[in-house]
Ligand SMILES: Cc1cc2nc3c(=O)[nH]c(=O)nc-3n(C[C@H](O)[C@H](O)[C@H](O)COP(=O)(O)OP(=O)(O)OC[C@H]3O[C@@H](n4cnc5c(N)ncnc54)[C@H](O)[C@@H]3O)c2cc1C
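Given next, in structure tokens, is a single chain: the form predicted on its own.
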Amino acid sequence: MTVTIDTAATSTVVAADIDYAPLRAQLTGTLHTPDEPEYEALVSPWNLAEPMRPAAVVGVRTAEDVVAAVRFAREHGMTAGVQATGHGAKAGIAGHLLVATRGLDEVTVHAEGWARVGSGVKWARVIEAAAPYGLAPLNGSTSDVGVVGYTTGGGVGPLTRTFGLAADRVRAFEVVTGDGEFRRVTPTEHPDLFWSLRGGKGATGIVTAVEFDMVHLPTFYGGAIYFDAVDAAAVVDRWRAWSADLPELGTTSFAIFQLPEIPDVPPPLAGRMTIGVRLAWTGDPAEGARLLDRMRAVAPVVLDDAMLRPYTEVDHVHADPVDPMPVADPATLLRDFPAEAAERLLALAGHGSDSPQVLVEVRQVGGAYGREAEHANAFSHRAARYSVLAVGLAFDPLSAARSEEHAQEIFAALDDWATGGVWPNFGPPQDGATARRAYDPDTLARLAAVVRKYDPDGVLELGTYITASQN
């Protein structure tokens, strides 16, 4: 039975009809309903504009807890969602019974170059544990993001042109599928699940642990350099040509910022519009500095935060916020970013544009990102060459609507170069239409087949959107 939850009112009705005592008795972890104070702490996502209101939340501590929760949901005609850190959360994917995995906190780093990590772990812990061995994981643009959610969505990070996707480095998953079975998944054990879990988010299973290879990278040259927005046209024009010639040892992006005057924001960036050029360079540091000097020369630099760094300082590249906040953050993918596209973007988001966005980012990909991994996976955007992300504050319905409408104006202006897709981590499926943006038709059809095989009753909430896309 497939059930979709949309509102707190629906949750209340379901909660009144279900006796959770049998499930509580099986758990090592905890179960909470909306009338209990612990409920809010477990369901609250990073994006406060996307309230998660399941009928109940299970704070799991073991894989057996996940099995019990999924089987309970199946027996009672409920759907099950999953959340660790709450990054990328959407209100419609909580399901009736939300499985909160932050209690699965195992981190084991092996000196020979790989790690085993529980699904509640953020990248920061892995980075710190790997540093003594000179190792680095292929983490996200902020180390505050959860390892599993990021990796199952493909995982496009600050090293992606050099080393590819995080999903490309996975050795194995441990997962509970919608039929309530615990499975170990590798290229040879349940290869269809191995394919689907690397890019398919949580559509085909709730991951409890992942094992993945890392790279040897004790240091890197990088960070960001910032310019006043009055120079944005010159900066972007130079960046376009500069990034086109950038060797695969480097991954770069630029972002237009409008940051408030608060303590965590450096004074040169606070209360004004600026543009930052980011670089993570994995080769000779002196060469990286010389390359970035070509960008430094285009206009006066208001803040220079690029240098040789230990990998533990990788968050300096994107400088993403850590504290939860309410945002509207849609995205799109481009095949190209020519001069005309840059002009259209800056007209709507640059100096003098009256843009409401806190950030408008353009990431260049290509390189190792564009090459298929040793084992094929469900990430279907290898042909994209740029990602565009808009982030606006959403403190109330009016500000949320303004940010979203303006972002869509930007995307419409860039439509001549759009692929029609979006990374699953930037646009998790919430219905058939969003599923068709996250995956191409062949990938969607294959994902739907895996969902039906391992979740015939439609228990996993994300899986219901994959199968809905085929109707």
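Here the structure is a predicted model, which means the values were calculated and not measured. Don't overthink the numbering: it's just position in the shown sequence, from 1.
Just so it is clear, the following notes concern the form predicted together with the named molecule, a form of the same protein that is not shown.
**Q** Identify whether the named molecule in the predicted complex is within 4.5 Å of every residue in the set Ile93, Val148 and Val207, based on non-hydrogen atoms.
**A** Checked in the predicted complex: all three residues contact the named molecule.
**Q** Identify, from the list Thr177, Thr85, Thr282, Thr274, the residue with a heavy atom within 4.5 Å of the named molecule in the predicted complex.
**A** Contact with the named molecule in the predicted complex is made by Thr85 alone.
**Q** Counting any non-hydrogen atom inside 4.5 Å, which residue from Asp192, Asp320, Glu128, Glu287 sits next to the named molecule in the predicted complex?
**A** Only one option qualifies, and that one is Asp320.
**Q** Please pick out the stretch from 93-101, 228-236, 302-310, 334-342 that is in contact with the named molecule in the predicted complex, where contact means heavy atoms within 4.5 Å.
**A** Of the options given, it is 93-101.
**Q** Taking heavy atoms and a 4.5 Å cut-off, does Ala89 contact the named molecule in the predicted complex?
**A** Heavy-atom contact with the named molecule at 4.5 Å: present for Ala89.
**Q** At the 4.5 Å heavy atom threshold, is Tyr39 in contact with the named molecule in the predicted complex?
**A** No, Tyr39 sits far enough from the named molecule in the predicted complex that none of its heavy atoms falls within 4.5 Å.
**Q** Does Val451 reach the named molecule in the predicted complex if we count a contact as any heavy atom within 4.5 Å?
**A** Contact check for Val451: no, nothing within 4.5 Å of the named molecule in the predicted complex.
**Q** Is there a heavy atom of Thr142 no more than 4.5 Å from a heavy atom of the named molecule in the predicted complex?
**A** Within the cut-off, so yes.
**Q** Listed by sequence position, which residues of 336-369 have a non-hydrogen atom within 4.5 angstroms of the named molecule in the predicted complex?
**A** The stretch 336-369, when checked against the named molecule in the predicted complex, contributes only Arg363 at the 4.5 Å heavy-atom cut-off.
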